[in-house]
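So this first bit is one chain, no partners, the form predicted alone, shown in structure tokens.
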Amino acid sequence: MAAVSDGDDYIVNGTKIWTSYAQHADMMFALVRTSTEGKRQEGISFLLIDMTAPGITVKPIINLEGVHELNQVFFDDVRVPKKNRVGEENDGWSVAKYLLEFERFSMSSVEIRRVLGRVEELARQTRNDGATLAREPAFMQKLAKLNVDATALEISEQRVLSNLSAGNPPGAASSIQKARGSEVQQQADILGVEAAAYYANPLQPEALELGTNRPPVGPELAITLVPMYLSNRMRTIAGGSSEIQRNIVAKAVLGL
């Protein structure tokens, strides 16, 4: 996206992709190029943009789960007041880096615990053959390992929260949490699909709708496991891929 100065405004043209919930938003932020001189990180400005401004078009991107969460936003001569710029002109990357420290840090252990809790309940349920997953050592070993991983994540998250309460930003710790949390989440989702077994196959989005009167196919606990598995495949890419997070840790923490 490019922004050209025009009096008290910028005129913005281009497109921004993977914009979460743009179909509902009143405002969005975007990194726009205001200069082509210097390094690539330079010449970028951080703008707050009114989604009702003329020239903005939002097109949906339906994810693997079948949900409209993401969008591609197009800008055609959109006027954005310069007063909506955050930070100095051409210094938007500094603003974005600070913002990303907080965006990449999340309490991923909460969602992982929720999935593992459902998996544990499914494991205790008796199958048609009279067996249970809770009696299968290989499965329970995988579940135990993920519970340990979730505990380690939770401890690290509490450490970051303690630093935040003291007025310190997450720093490179957010990259560690982002990479590890995303990967453990995906491993938990895979185990969830394994626990659902053949009940993972039916496509039943209606069962996820609030107030539905259609009974689910299979255990009610299994309904959300496959949609979460499909949706969370993007976790190791969105917000900066796991490879990028490891590069940040290598540079900022290990000094490589």
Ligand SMILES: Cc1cc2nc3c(=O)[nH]c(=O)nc-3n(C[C@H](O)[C@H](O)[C@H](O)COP(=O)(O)OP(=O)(O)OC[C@H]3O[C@@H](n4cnc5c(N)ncnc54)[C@H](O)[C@@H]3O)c2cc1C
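Note that this is a predicted model, so its numbers are computed, not measured. Heads up: residue numbers just count along the shown sequence, starting at 1.
Absent from the display: the form predicted in complex with the named molecule. The rest refers to it.
In the predicted complex, V58 touching the named molecule (heavy atom, 4.5 Å): No.
4.5 Å heavy atom contact, G240 to the named molecule in the predicted complex: Heavy-atom contact with the named molecule at 4.5 Å: present for G240.
Non-hydrogen atom contact I11 with the named molecule in the predicted complex at 4.5 angstroms: Outside the cut-off, so no.
Residue contact check: T19 to the named molecule in the predicted complex, 4.5 Å heavy atom: The answer is yes: T19 has a heavy atom within 4.5 Å of the named molecule.
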